[in-house]
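Single chain ahead, written as C-alpha cells, the form predicted on its own.
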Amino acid sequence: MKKSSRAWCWAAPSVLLLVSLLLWPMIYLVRLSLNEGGSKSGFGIGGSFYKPGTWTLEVYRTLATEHYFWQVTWFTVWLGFFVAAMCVLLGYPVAHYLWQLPRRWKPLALACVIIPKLSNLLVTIYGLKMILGDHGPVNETLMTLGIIKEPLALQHSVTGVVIGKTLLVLPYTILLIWAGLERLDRTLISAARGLGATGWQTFSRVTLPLSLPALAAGALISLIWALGAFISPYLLGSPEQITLAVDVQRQMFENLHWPRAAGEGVAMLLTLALIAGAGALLRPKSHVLPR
C-alpha cells in the first residue's frame, strides 16, 4: 500500500466524523433557513415548524432589515470581544505564574485551573447566581463594610453575564497561554538576565514577544467561546440583553419559527468564520525585540 493511501486510511474515520457531525448539519441548517415558516404550533402537534420543499430568501431579507436582529448581533459581538479581553487580561498573569512555578508544584496548580471545568455547568451557574444575588456573600460583604448602601445588580444584568462567561472561558485561556509559555526557550530568559536586563525588561523584550502567538490563540479561542454564549446570558442576563444563541433558542421553542432560527444560526456561523479567518491571517509571529 502506498504511503498516501495509508495516510488516507488513517484519516478516513476523522473525515467521516467531521462530515457526518459537522458538515452535513451545517448544510441542513442552510437548507432549513431557505424554507417558509410552517405557521403551526406545538412541538410537532398540528403540523410542521416549516414548509418542506419550499425555497425562499424571506428569512435573510428580514434579518438584513430588522433592527432587533442587528441589536442582538451587536450585543453578541460586543460581549464576545469584552469577555475575550477580560480573559486575556486575567489569564496571562496566571499562566505566567504557572509557568514560573517549580516543576513539582505545577500539577497541583494546573489541577486548580482544570477542576472547576469538571463540575456540572448548571451547578456552576446556579452557584454563581447565589453568590451574586442581592443577599449573596458579595453584596452582603460590601454592605457590611459600608462600601455600598443597596445591593448591586450583579445578576440579570450585563455585569452578571460578563462575570459568568469570563468564569467559564478563563480556564481555556490560561491553559492555552501556559502551553505556549512552556514551549519557550528558557535559556533566552537566562541570557537576558545575565546580560543585565531587569525583570521587567526581560518580560517586555523577550517573554512577551515570544509568547504573542499563544496569547493570540488564547484570545481567539476565548472570543469564539464568548460569541457562542448561551447559558450565561440565558440564566444571568436580562430579557433586553440576549445573544444570538439565546435568540435562536427563542425562535425555535417559543416563536416556533425554525427557518428564522436556522437563518440566525447561519449568521452566527458566518460571524465566527470571519473572525477565525481574520485571526488566522493576523496571527503574530514570535520574536525577540531589539534594544
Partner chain sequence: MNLRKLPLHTLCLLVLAALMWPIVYAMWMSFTPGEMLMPPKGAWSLRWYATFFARSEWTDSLNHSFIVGALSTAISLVCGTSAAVAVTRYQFRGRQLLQSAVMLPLFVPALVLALALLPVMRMIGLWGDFLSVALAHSLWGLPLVFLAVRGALEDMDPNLELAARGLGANGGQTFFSVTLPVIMPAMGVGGLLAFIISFNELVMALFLCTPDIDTLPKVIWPNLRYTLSPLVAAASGVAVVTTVLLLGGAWLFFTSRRKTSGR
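Computed from a prediction, not measured in an experiment: that's the story for all the values here. Residue numbers count along the first chain shown, from 1. Rigid core: the largest C-alpha set superposing within 1.5 Å between the two forms.
A second form of this protein, the form predicted in complex with its partner chain, is not displayed here; the remarks below concern that form.
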Residues Leu154, Gly279 and Leu282 are flagged as a possible site; in the predicted complex, is every one of them within 4.5 Å of its partner chain by some non-hydrogen atom? no
Please run the contact check for Gly37 against its partner chain in the predicted complex: heavy atoms, 4.5 angstroms, yes or no? no
Any of the heavy atoms of Thr187 lying within 4.5 Å of its partner chain in the predicted complex? no
Looking in the predicted complex, any heavy atom of Ile177 within 4.5 Å of its partner chain? no
Answer with yes or no whether Phe230 is in contact with its partner chain in the predicted complex, where contact means some heavy atom within 4.5 Å. yes
Picking from Leu256, Leu63, Leu32, Ile242, the single residue whose non-hydrogen atoms come within 4.5 angstroms of its partner chain in the predicted complex is Leu32
Picking from 73-81, 205-213, 126-134, 142-150, which part of the chain touches its partner chain in the predicted complex when contact means heavy atoms within 4.5 Å? 126-134
Within 65-97, which residues have a heavy atom closer than or equal to 4.5 Å from its partner chain in the predicted complex? Leu90, Pro93, Val94, Tyr97
On a rigid core superposition, would Lys117 pass a 2 Å threshold for CA movement between the shown form and the other one? yes
Establish whether a shift of 2 Å or more occurs at the C-alpha of Leu270 between the shown form and the other one, with the two forms superposed on the rigid core. no
